[in-house]
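This document starts with one chain, in the form predicted on its own, laid out as structure tokens.
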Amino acid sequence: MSSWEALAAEIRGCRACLELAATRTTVVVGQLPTQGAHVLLVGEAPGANEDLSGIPFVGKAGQLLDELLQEVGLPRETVAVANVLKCRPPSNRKPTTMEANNCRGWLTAQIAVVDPALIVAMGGTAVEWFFGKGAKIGELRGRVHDKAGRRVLATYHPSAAIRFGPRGMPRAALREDLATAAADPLVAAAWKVSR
């Protein structure tokens, strides 16, 4: 198994999606905390801020995510973060099926390296990556599912929470699901072992 750093170097050299490779500023590999992670958050794709910085979830959606993670006792510096796509789609459009398939091996390898106790799939693209085309967040969220031997919790993307406002259902559901992740018995047990 590759280390995160070795895998990141490989990912940065990817040119499988010619359009994305031609228009990206940087490849946004993801982040791994220094002490390892028991929770892996998976989003859709980098946005403009992420493309410039090379760090996932640094724009408005990232600020909301950080706030909610802090509220539920799962600070950002304790979780791993990755996206289905590692390159920003032009104009922040939804990733195509081909692009998601081209990046599938990278995210699969990242999951193997992180080996999290729980994966939180945030948003439609991430949820479909784990559960298949047409998977519905509203039908899946609120409980942990076993997908190919991995424990996956489906929830809304922070950008949906922003679109629907501070009192909107996606924000409340996202916070509730992050609280479920923070309280998950396997996550808690993994924390005790690693401390």
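Numbers for residues come from their place in the sequence shown, where the first is 1. All figures in this text were calculated on a predicted structure; none of them were measured in a lab.
The same protein has a further form, the form predicted together with a small molecule, not shown here; the description that follows concerns it.
Among residues of the shown chain, V39 is not one whose heavy atoms approach the small molecule to within 4.5 Å in the model of the complex. In the model of the complex, the small molecule sits beyond 4.5 Å of every heavy atom of R141. Under a 4.5 angstroms non-hydrogen atom cutoff, the small molecule in the model of the complex has G47 among its neighbouring residues.
Proximity of F57 to the small molecule in the model of the complex falls within the 4.5 Å heavy atom cutoff.
The stretch in contact with the small molecule in the model of the complex, judged by heavy atoms within 4.5 Å, is 39 to 47, chosen from 145 to 153, 128 to 136, 161 to 169, 39 to 47.
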